[in-house]
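The chain below stands alone, shown as structure tokens; this is the form predicted on its own.
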């Protein structure tokens, strides 16, 4: 499997994705506009509460090609953040009150300056989260010491594991991914990650394998903990249940499987005003591999930049202007406000 971009697929064009999201259904009916839903619940324009997290996408290169990936990442993607842009991120951090830096990709560890960036963030006294796909740890011997490196810098590790069964995980993330993920989790446990009292946090991410919303996060966590401990001796801290948003390769799946319209109807019907109040874009700034600024990772992948009233690039960082901006919304945002809500930190209600 290749990325949408490598296949020259129509959905590689973000303008085309936005057109799909705004189209009427087969009967000619349009879904309610997300902005209209926000207005009904007194949340339009949606404003930041305060910046707490800087999420940095350090590149789209990845050793996996997952079917649900909203980044369209893969081995054929070459976009990568330079050290110069990383330095601009660090300069912005140094002048801000942002306390958490969330590193994502692709596989962020494949950026040649990844470890340097983590060291610099640590030197600034800020918390680092890395969104590790697990298999990168065992992909090549140069990554085998990542658990020790993470532990040294007290990095919070957040890793996707769609299910505790090999069949369901491999169906979504590729043949053999489950087995390699289990080995990587064991390596993280061996240095203390997820172990009570260690202070080394290991969270897993669950996302549904089809066109449905995630189940109850607490119940899923109990089930994952029981099964992974009993069958593989693995421990972890929290399970984060995340809704798949209709973006990029998950949008491709919805369209090809004939589930797009019914899935969007589910998201709209499950709109939760409390979840809308707690969406992650109100406290997060998303920085792309080339330094451009977005309200969230999903807006970044749809190339919907922050409002024109705010700086557009990290080199022009202005915390006050960013905190005063109106957050850009579109139809995909229904994914973050459905049911219990969804964010990079899991359910929001």
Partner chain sequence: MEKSTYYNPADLAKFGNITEWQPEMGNKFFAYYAEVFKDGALSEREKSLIALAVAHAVQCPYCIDAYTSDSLQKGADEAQMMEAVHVAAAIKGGAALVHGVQMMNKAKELSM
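Residue numbers count along the first chain shown, from 1. Just so it is clear, the structure is predicted and the values come from calculations on it, not from any experiment.
Only in words, not in the display: the form predicted together with its partner chain, which the text now covers.
Only one of the listed residues (227, 83, 152, 144) places a non-hydrogen atom within 4.5 angstroms of its partner chain in the model of the complex, and that residue is 227. Residue 215 is the only one of 215, 192, 273, 233 with a heavy atom lying within 4.5 Å of its partner chain in the model of the complex. For its partner chain in the model of the complex, the listed stretch (75 to 83, 158 to 166, 192 to 200, 126 to 134) containing residues with heavy atoms inside 4.5 Å is 158 to 166. Under a 4.5 angstroms non-hydrogen atom cutoff, its partner chain in the model of the complex lacks residue 139 among its neighbouring residues. Contact annotation: residue 257 falls outside 4.5 Å of its partner chain in the model of the complex, judged by heavy atom distances. Contact annotation: residue 205 falls outside 4.5 Å of its partner chain in the model of the complex, judged by heavy atom distances. Contact check for residue 115: no non-hydrogen atom falls within 4.5 Å of its partner chain in the model of the complex.
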